[in-house]
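Before any questions on binding or motion, here is one chain by itself as structure tokens, the form predicted on its own.
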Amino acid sequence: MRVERLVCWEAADAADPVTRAAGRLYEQTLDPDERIPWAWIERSLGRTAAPGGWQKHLLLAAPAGKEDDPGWLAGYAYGAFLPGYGGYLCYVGVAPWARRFGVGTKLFGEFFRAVRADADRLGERLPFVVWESHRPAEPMTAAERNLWAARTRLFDRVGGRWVEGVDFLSPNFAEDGGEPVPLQVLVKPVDRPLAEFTPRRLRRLVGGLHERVYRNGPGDALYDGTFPPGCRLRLVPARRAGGADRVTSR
């Protein structure tokens, strides 16, 4: 199979068959404990953000000429510009048939452009774009290690850096009161140079993710557990996350 050109666009109608296909792909590509209900994402489509509110985007990708065919949906990305904070890419997924065609790279690039436009429209800077990814627990299988390595190579290609020194404790969306889900935090500096992302600034960035997205603050178990005593944060190449550059044979 060859894909000559990928097209990305913003979904605006929850009833559109391609948007519904994105919901199915979302549930196939993310574990239940990592994802919010798809209905929450659907409710954001086609709505104008409240003043100071999240500027949300659901981006879809398909080969050129196949944009109306749910069977050709290649991937999705969902996230937002958070005024006064930065860009936050919540979820990215690629259909199994579309892997190795650059879909993930295309979606990241389109999302970066979308939140840049949001910041410009609101007269703000875009200091960074942040996202999380779930690293499989050790011991990883060969397939899990290879998939994680492929993800971190993608993060490298799009300019992401890994926040070493912290496991971000996210709520378990599959089970109330379930064990927190430890996530790795990735950051793409945009309007701030890499040198400005000092350990103190990174702690504010990760703490802001808890506060702005998950409504956790100092004194909450997930917030405090993310910052154990003595942790020191720094930005390093994404491929170093968990030794992701060591690819094993299948």
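Quick note: we count residues from 1 along the sequence shown, nothing fancier. This structure is a prediction, so every number in the text was calculated from the model and none was measured.
Beyond what is shown, the protein has a form predicted together with a small molecule; the following relates to that form.
- When the small molecule is considered in the predicted bound form, Ala150 lines it closely, a heavy atom lying within 4.5 Å.
- The small molecule in the predicted bound form comes within 4.5 Å of a heavy atom belonging to Gly104.
- Put simply, Pro127 is far from the small molecule in the predicted bound form: not one heavy atom of it is within 4.5 Å.
- Looking at Asn146, you'd find a heavy atom of it within 4.5 angstroms of the small molecule in the predicted bound form.
- Stretch-level contact analysis of 218-226, 193-201, 22-30, 58-66 against the small molecule in the predicted bound form, using heavy atoms and a 4.5 Å limit, identifies 22-30.
- For the candidate set Phe168, Phe81, Phe111, Phe155, a heavy atom within 4.5 Å of the small molecule in the predicted bound form is found for exactly one residue, namely Phe155.
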